[in-house]
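The data below hold one chain only, encoded as C-alpha cells and taken in the form predicted alone.
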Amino acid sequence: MDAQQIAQVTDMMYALRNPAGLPTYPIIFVALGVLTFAMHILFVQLLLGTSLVALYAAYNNHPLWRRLGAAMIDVAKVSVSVAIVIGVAPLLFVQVVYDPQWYTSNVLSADWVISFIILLILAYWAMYYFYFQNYKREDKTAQPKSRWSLIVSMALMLVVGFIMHSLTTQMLHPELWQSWYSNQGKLDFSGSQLHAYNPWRFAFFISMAIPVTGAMLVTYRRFKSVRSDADHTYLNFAAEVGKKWILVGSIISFVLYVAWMASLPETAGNFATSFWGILGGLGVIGYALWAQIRLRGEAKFCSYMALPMALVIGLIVATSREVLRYDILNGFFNYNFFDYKIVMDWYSTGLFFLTFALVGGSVLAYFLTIAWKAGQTVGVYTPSATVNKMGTVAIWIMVLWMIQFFAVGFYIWAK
C-alpha cells in the first residue's frame, strides 16, 4: 500500500469512531482488557484440556484414567461457565477502545456472530448430556456412555473459538474491508463469510490447553492430598500426567508461537523479532523450564503454584498480543486509540471499580471458600459461622449495589 491508500484507511477508521468519546482514559480499558483476556483464555484452555482428558479416559479401560476423567469433566463444566462470564469483560473493553475495527469485523461476518451464541449453547448442552449420562452415578470407573456427545461438545467449542479468532483477525485488516463486502462491484451484505484467519495463531492458543491442563492436574493432586481418605496412588498418577502435559504442551505451544510470529502480515512490521514478540515465546518455553525445576523431588506432587504460574504466562502472552494489535493499527495505519476523545465520567468509572472490588470480590471470596472447604472435607461439608457470615455480607453488598443502581437511574429519569 502507498501512503495515500494508508491515509484513506486511517481516515476511515477515525470516521467510524464513537463521537461520544470514552468515559475515562483508554489505557485503563486496554490494561483491563489484557488482564481479563488472560483470565478468560485460561478457563477456555482449561475447559478444552480437561474435556480432552475426560474424552481420552472414556476410551481407556484403565481405572485410574476413568477416575481422572470423571474428576476432570467436573472441572470442564465449571470452566465453561467461568470462561463465559469472564469473557464478557475483554469483549466489552475491545468494543470500547477498538470500536471501529471490532464492529466492522462483526458486521462483515454477522451470521457467524449470531451463530456463535447458538453453537456455544449446543456445546454446553452436549457436555452436560455426557456428564448426566455418566457421572451422576456412584461407579466412576464404569464404561462411559454417549461418548459422541463429548466429541460434539469439543468440536463445537473449537468452532466457537475459531469464529472469535477470525473476528479478531479481521479487525486488524482494515485495508481489506472494502474488498470483502464489495467484490467486483457486487455488494455483499449477507455476513455469511469469515474472511481472515491465521491457523498458526489459532493453533497456538488452543495448544496452550495442554500445559494449562497439566498445571490443573498438578494442583489437583496438591488440593486433594490433605484429605484423610486421599488415594495417593491415584493422585500421584494425576500429577505425573500433569507434569508430562506441562513439558510436552509447552514445547508444542512454543513451536506454534514461532510459526505464528513467522506468519505475521506485512502490517506487523518487525514485531516478531521485537522485545514483545520474543517475550511471548520465552514465557511459553520458560513455563516448561520452571515446571522441570520446581516440580521435582518431593515438590513434584505438592505445588499450588502450577496454575497461578500458567496465568502469569497467559498475562505475558496477552500483553504481547495487545502490543501486536497496537503495532499494526498505530505503527502501520497510524491509528492511535490513545488520542480518543475523553469525556470523563467519574461515577461510571468509580462504580465499575467498586463493583469489581466489592461485589465481585465478596462473592468470589465466598464461593472460593466454600469450594475449597468442601473439596477438602470428607463427607458432607457444613460451613462454619465465619463462612456463613461471608455469604451474608456478599448478599447484602449485592442488595445495596442494586438499590443504588435503581436509585441513580430513577433520579436521572426524574430530572
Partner chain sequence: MDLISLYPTWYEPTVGSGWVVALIATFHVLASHTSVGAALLFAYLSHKAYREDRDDLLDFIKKYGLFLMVFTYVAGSITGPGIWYSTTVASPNGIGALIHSFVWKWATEWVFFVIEVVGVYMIVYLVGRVDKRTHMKISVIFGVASLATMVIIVGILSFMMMPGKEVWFEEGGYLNGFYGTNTFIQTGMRMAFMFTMTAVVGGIVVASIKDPAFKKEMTRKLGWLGIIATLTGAAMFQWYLTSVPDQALLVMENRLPEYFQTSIIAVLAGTLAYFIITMLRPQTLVQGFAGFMAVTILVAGLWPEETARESMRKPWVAGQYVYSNQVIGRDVPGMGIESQLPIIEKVGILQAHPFTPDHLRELNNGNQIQAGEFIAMTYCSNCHSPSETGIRPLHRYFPEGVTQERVADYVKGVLTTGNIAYMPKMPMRDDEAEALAAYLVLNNKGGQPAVTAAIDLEIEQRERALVEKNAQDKIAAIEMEGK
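Residue numbers count along the first chain shown, from 1. Remember, it's a predicted structure, so these values are computed and weren't measured experimentally. Rigid core (definition): largest C-alpha set, two forms, superposition within 1.5 Å.
This next part talks about the form predicted in complex with its partner chain, which is not shown.
Visitor: Would 23, 227 and 413 all count as contacting its partner chain in the model of the complex, using a 4.5 Å heavy atom cut-off?
Guide: Looking in the model of the complex, the three residues 23, 227 and 413 all sit within 4.5 Å of its partner chain (heavy atoms).
Visitor: Since only the chain is shown here, I'm wondering whether residue 285 would be in contact with its partner chain in the model of the complex (any heavy atom pair within 4.5 Å).
Guide: Looking in the model of the complex, residue contacts with its partner chain do not include residue 285, since no heavy atom lies within 4.5 Å.
Visitor: How about residue 135 - does it come within 4.5 Å of its partner chain in the model of the complex, if we only consider non-hydrogen atoms?
Guide: Looking in the model of the complex, residue contacts with its partner chain include residue 135, since a heavy atom lies within 4.5 Å.
Visitor: Answer yes if any heavy atom of residue 202 is within 4.5 Å of a heavy atom of its partner chain in the model of the complex; otherwise answer no.
Guide: No - in the model of the complex, heavy atoms of residue 202 and its partner chain never come within 4.5 Å of each other.
Visitor: At the 4.5 Å heavy atom threshold, is residue 77 in contact with its partner chain in the model of the complex?
Guide: Flag for residue 77 set to yes.
Visitor: Out of the stretches listed (308-316, 262-270, 240-248, 184-192), which one is close to its partner chain in the model of the complex, meaning heavy atoms within 4.5 Å?
Guide: Residues of 184-192 come within 4.5 Å of the partner.
Visitor: Taking its partner chain in the model of the complex as the reference, which of 256, 328, 206, 96 has a non-hydrogen atom within 4.5 Å?
Guide: Of the candidates 256, 328, 206, 96, 96 is the one lying within 4.5 Å of its partner chain in the model of the complex.
Visitor: State the residue from 252, 159, 151, 113 whose non-hydrogen atoms include one within 4.5 Å of its partner chain in the model of the complex.
Guide: It is 113 that has a heavy atom within 4.5 Å of the partner.
Visitor: Who in 144-169 is close to its partner chain in the model of the complex, meaning a heavy atom within 4.5 Å?
Guide: Contacts from 144-169: just 164.
Visitor: With a threshold of 2 Å on the C-alpha, tell me if residue 393 counts as moved between this form and the one not shown once the core is superposed.
Guide: Superposed on the core, residue 393 moves its C-alpha 2 Å or more between this form and the one not shown.
Visitor: After fitting the rigid core, is the C-alpha of residue 382 off by 2 Å or more between this form and the one not shown?
Guide: Yes; that C-alpha moves by at least 2 Å between this form and the one not shown.
Visitor: Would you say residue 18 moves its Cα by 2 Å or more between this form and the one not shown, aligning on the core?
Guide: No: residue 18 shifts by under 2 Å between this form and the one not shown.
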